[in-house]
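Below sits a lone chain in C-alpha cells, taken as the form predicted alone.
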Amino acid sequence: MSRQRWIYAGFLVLLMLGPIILPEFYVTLLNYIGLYAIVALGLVLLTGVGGLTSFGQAAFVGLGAYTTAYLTTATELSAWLAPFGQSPWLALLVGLVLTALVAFVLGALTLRLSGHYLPLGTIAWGISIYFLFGNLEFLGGHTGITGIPSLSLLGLELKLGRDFYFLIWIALLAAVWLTQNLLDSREGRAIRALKGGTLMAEAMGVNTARSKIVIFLIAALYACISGWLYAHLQRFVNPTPFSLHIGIEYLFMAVLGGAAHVWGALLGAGVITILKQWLQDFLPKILGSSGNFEVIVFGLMMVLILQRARDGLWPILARFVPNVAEKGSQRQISQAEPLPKKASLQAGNKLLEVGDVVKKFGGLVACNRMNLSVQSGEVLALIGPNGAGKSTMFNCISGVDPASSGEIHFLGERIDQLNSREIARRGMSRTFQHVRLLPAMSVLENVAIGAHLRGSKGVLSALLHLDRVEEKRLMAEAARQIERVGLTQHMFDQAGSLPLGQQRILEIARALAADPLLLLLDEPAAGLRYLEKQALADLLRRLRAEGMGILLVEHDVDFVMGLADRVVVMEFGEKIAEGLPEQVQKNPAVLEAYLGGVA
C-alpha cells in the first residue's frame, strides 16, 4: 500500500474512533466541521476550480434547512405536499428539488455576469433570500421554527450529537468522493478549463455556459444537504445562520484550506471552526472585554494567506503525500482502445472557402472583402505585417468573432453563423497567438481537453465513476498526440513549467487531439529554436501527407516559404497577393509592405 493510501486509511480510523474516545464538546465541534466542510466543498468546485466567486452559499444552506423544517412541523399541508411531510428523508428530496430550481434560475441570471459583477450578484440574491426567511410568517419570521423532529436511520433514532456524527461524516466523504470523481473526468476537465477563459474552452468544444450551471447546481445541492442535516441536528432554525456574513465565512474556509483542492475544504472548515472557538474563549480573557474579536483575526489571517499562501494550506501539507506513480498512469494509457477517427479526405478536396468576408469593430475595418481557400493535403500560409488582420481572420473562421458580412464555408456547409464550439464539432481545430493553457494542469490533461468532443459521458456518469472506459480512451488519445509532437518526456509535467516554445507545441497537440480535418495555427513557430522549428516543420509535413489541411499564420518568412504550398499576404485588412511561395517573394507589393521594400 502506498504512503498516500496509508494516510487516508489512518484518517478514516481516527474518524471512526472520534465519537468513542472524545468528549461530547469535541464531537459537537467535529459535527459542525463536517457540516461546514460540505458547503466549503461546493465552493471549492465553484470558486477554486471553476473560478466563479459566490458569497451566497449560506442562502442555499437555508433553503435545505427551512424546507425540511416547514414540511416536518407544519400542521396543515396541501394535498400534494402532505406525503413529503411525513418523513425528513422525503423532505430532503423536496429541498433538493427546490434548491435545484432556485439555483438554476439564479445561476442563469447571475452567471452571465463577469468580473466584479458576479460576486456582487451573489451578494444581492444571498441578502434577498436571507431577508425572505425572516419576513415570511409561515417560516416563523425572525423567531424561526422549533420542534423539528429527529432523524431515524435503520430503526435508530439520531437524537444526540454522537448519533449524528457518522451520518454527517458519511455525507461529507460521499461528497468528497463524488467531487473527486467529477474532476477526474472529461466533464471535470471542461470545468477546470473555465479558469483558462471561455475563448479556449469553447474552441475545444466545451459548452462553458452548461459547465458553469453544472457546478453552480452541485455547489447549491451540497449546501442544501448541509442545511438539512443542520436543521435535524439542531431541531430548530432561524435566519441567523444563513446570513451574508456566514456566506463570507464559508468562502473564507475554502480559500484558507485551498480553494482549488478537494481536501482543502475539510482543512479550511476544521481550522476556521477550531480557531473560532478558541479565539472566542481566550480573546475576551486577554483583552478584558467581550466582542467579536475573532472577526478581526480572521481578516488579518485572510490578508496573510492571500499574500503568503494564495493556494491555501492544503498544498503545503500535500507536499508530504506523494502523487500516484506515473508508471500506473502510463500502463492504463497503453492498454486503452483508440478512439474512432474521422474519415480522411483525398488531397485536393476543398475544406475551407472564405468569400468577401468583412469584419468591423465599430468604425475600424479589420478585414475587408477577404477571400481565401484551403484544400485537404495543403499548407496555406497567411502572412503580413503586424496589425494586418491575420488573427482577426482566424477568429472569424473559427467562430470566435463572427464576420460582419461575407460567407465562410467548411466542407461545403456555411459556418459563419455558427459559434466556435459547433465549428470545432465539424472538424476544425486551432491554436492561439497568445498561448492559452491551464498551467497548473499536466501536459496530458491539457491535451485531453482537445479531445472533449470525442467523448460523450455526462456529469452523472462522471460523479459515479461510470466513465472509466471512455476516460482511458481519451487519455490514451492525448498521450498519442503528445508522443506525436515529441513531448513524451514532459507528459506528466505541469504545463506552466514548460518553456514558451514547448507550450506552443503543446497547443498543437491539444488541437490534434480533436481529430481535425483543418488545423488553424496562429504563429506556432514563435519562441521555438532552430531545431524545434525543423521538428515542427517535419510534423506539419506529415500531417499534410495524411490529408490534413493547414492554415498557418507566421512571421518567420524562411519557415513559411520552406513549408507552405501557397501564400496569402494581407495588409491593412485586405489581401494584396496570393500564389506560390516563390511568386509571392518576388511580388513588388509584398516586398514593399512586408519584406522591407525592393533593395
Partner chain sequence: MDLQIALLLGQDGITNGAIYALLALALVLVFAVTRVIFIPQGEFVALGALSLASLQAGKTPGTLWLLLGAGIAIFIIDGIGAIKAGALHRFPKIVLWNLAYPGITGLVLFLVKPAELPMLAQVMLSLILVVPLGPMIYRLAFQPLAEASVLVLLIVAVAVHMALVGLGLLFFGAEGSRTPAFSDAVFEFGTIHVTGQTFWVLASSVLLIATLYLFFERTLYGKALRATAINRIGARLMGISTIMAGKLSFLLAALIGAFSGILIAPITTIYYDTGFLIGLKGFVGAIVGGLASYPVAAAGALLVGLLESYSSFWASAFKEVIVFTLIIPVLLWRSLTTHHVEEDE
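On a predicted model such as this, the values are computed, not experimentally measured, just so you know. Numbering follows the first chain given and starts at 1.
One more form of this protein should be noted, the form predicted together with the partner chain, which is absent from this view; the next part is about it.
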Taking 10, 234 and 258 as a possible spot, do all three reach the partner chain in the predicted bound form with a heavy atom inside 4.5 Å? no
In terms of non-hydrogen atoms within 4.5 angstroms, which of the given stretches 46 to 54, 31 to 39, 62 to 70, 549 to 557 touches the partner chain in the predicted bound form? 46 to 54
To verify the annotation, which of these, 106, 424, 396, 508, has a non-hydrogen atom within 4.5 Å of the partner chain in the predicted bound form? 106
Name the single residue among 291, 496, 83, 348 that comes within 4.5 Å of the partner chain in the predicted bound form, judging by heavy atoms. 291
Proximity of residue 469 to the partner chain in the predicted bound form, heavy atoms at 4.5 Å: no
Consider residue 443 of the chain shown here, and say whether it contacts the partner chain in the predicted bound form, taking contact as heavy atoms within 4.5 Å. no
Are any of the heavy atoms in residue 210 no more than 4.5 Å from a heavy atom of the partner chain in the predicted bound form? no
Does the partner chain come within 4.5 Å of any heavy atom of residue 156 in the predicted bound form? no
Can you name the residues of 197 to 215 that have a heavy atom within 4.5 Å of the partner chain in the predicted bound form? 197, 198, 212
